[in-house]
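We've got the same protein chain twice here, in two forms, each standing alone as structure tokens: structure 1 and structure 2.
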Structure 1
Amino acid sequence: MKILGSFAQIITLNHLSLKGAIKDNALEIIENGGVLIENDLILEVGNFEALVKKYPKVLVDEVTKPSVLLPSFVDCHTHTCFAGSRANDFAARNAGKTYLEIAAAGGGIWSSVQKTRACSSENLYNLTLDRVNQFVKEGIKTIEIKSGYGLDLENELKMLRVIQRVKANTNANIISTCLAAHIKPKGFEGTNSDYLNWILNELLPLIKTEALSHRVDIFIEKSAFDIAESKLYLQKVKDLGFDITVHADQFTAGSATLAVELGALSADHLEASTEKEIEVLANSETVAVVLPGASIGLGEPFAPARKLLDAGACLAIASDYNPGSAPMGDLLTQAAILATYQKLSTAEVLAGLTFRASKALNINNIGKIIPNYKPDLQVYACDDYREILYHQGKLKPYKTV
């Protein structure tokens, strides 16, 4: 057992709604706060002096400078397991080619597949672990990581096993997702539907047996899979007992409604979503995950985060860290920039980086500083929580718990 404190402010994120807009004055702020922790659980949160008085024998882990305490962030959408660079795609886009044109010409995702296939498990493990450790340093303690650069039996399993090995060797909470339905790989003989059936019949049973993942994602887009074939696939994936999530409405609107129809945990991207998809998401339990890193990486408009919140959606913000569209991988910077362009309150951003992102991963005890939640915490050297987004990602936590 120990008491942490005292903090100038503890931003608990208690009492905030799971869906819809949030004003900053709804935030619960405990000034001169302390937290009592035992056995990987938060027991009590309150005034620091009062806690020390109430538990005189408990060790105090003293904070010596003015600090703000936040729950650690949850990055609910990443492609952190990959090899190689796509700096050539970056240069080609800036010279006028689009993401979809580069993909059609055989670059894009396919080039990362080739590099990831050529990478040994050992090297892929080291690359992924280093990136995860960097995330943890930046206050991100829960990280979803997708496969999707293997796209054959050997290499999809290689990626998912590497992710499991990283999970076993870090104190981050790692959640893996099978994204074998990223694109149909070159060399696969058959249609898109044949490829999706191959995933269903050959790959997913092995993933189940080895307990490599309980989640499945698909990229619904012109360069990847269409709505009709995705629908058949996701229905069968659900029958196998997997949770589902969708790369939806990135360039073409329409797939977010399929995600909702099928009860997906989340619909992610949404840059191209129209009023119709916004409405459908807002009236559902599917989390709308926006990925400002992909907009910044590709020079595309941001997803309509403000409209989604005003319509009543549960909005989460994730990094989409990947070598193609979002190579920066700095979630706090991306969220702060999104806030300025989409006019999001700090409360909405913090909710989107914590308990609302947990919902996208179906986790219910991470992302608030309240009793019975996990004590995944981060400490910033400032005395006003608004400093954090104001510095647009430059102010990083000086300590994580």
Structure 2
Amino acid sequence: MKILGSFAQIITLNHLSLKGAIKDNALEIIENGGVLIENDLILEVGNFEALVKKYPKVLVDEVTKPSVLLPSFVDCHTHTCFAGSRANDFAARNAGKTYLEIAAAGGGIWSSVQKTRACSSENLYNLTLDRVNQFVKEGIKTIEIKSGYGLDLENELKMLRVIQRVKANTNANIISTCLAAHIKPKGFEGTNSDYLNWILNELLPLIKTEALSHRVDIFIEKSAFDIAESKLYLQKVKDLGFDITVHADQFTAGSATLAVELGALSADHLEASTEKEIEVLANSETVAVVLPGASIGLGEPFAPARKLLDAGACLAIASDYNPGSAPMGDLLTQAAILATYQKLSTAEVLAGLTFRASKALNINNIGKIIPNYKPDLQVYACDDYREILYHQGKLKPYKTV
């Protein structure tokens, strides 16, 4: 048992709603605060001096400079397990090349597939572990990581096994997702539906046997899989006992509605969502996950975060960290930029990076500083929580707990 403190401010995120808009005056802020922790759980939060007086024999982990305590961030959509760079794609896009032109020249997702296939398990593990450790330094303690750059039996399993090995060797909470339905791989003999059936019949049973993942994702888009074939696939995935999430409405609207219809945990991207999809998401339990890193990387409009919140949706913010469309991977910077352009309150951003993002991963005991939650915490060297977004990602936590 120990007491952490004292903090100039503890931003507990207590009493905030899972859905809809949030004003900053709804934030619970404990000044001169302390946190009592035992056995990897928060027991009590309150005034630091009062906690020390109440528990005089408990070890005190003293904070010696003005600090703000936040829950650690949750990045609920990443592609952190990959090999190689796609700097050539980025330069070509900025020079005016289209997605199809870049793909025809050897770029795009298939470029990352080839590089990841060629990478040994050991090298892929080291690359992924280094990236995860960097996330932790930036206050991100829960990270979803997808497969999807293997696209055959050997390499999809390689990726998911690497992700599990990283999970066992870091203090981050890693959640793996099978994204074998990223695109149909070149060289596969058969239709899109044939490939999806191969995943169902050959790959997913092995993933379940090895307990490599309990989540399945699919990219629904003109360049990947259409709504009809995706619906059949996802229904069968659910029948196998997996949770589902969807790459939805990135360039074409409509798939977010399918995500809600099938009870997906989240619909991610949403840059192309219209009023129809916004309303459907708002009236559901499916989390709307927006990915500002992809908009920045591709030079595309941001997802309609403000409209989603005002309609009543549960909005999470994730990095989409990947070598192609979102190579920055800096979640706090992306969230701060999104807030500027979409006029999101600080409370909405913090909720979207913490307990609302944990809902997208179906985790219920992280993302707030309240009793019986895990003490996944981060500390910033400032005395006003508003400084964190004000510096647009330049101010990083100096300590994680």
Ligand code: NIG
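Bear in mind that the values here come from a model prediction, so they are computed numbers and not experimental data. Quick note, the numbers are simply positions in structure 1, starting from 1. The term rigid core refers to the most C-alpha atoms you can superpose between the two forms while keeping them within 1.5 Å. Shifts are known only where both forms have a C-alpha.
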Quiz item: Given structures 1 and 2, which represents the form predicted together with N-(iminomethyl)-L-glutamic acid (NIG)?
Solution: 1
Quiz prompt | Shifted regions of at least three residues between structure 1 and structure 2, judged by C-alpha displacement of 2 Å or more after core alignment | solution = 98-107
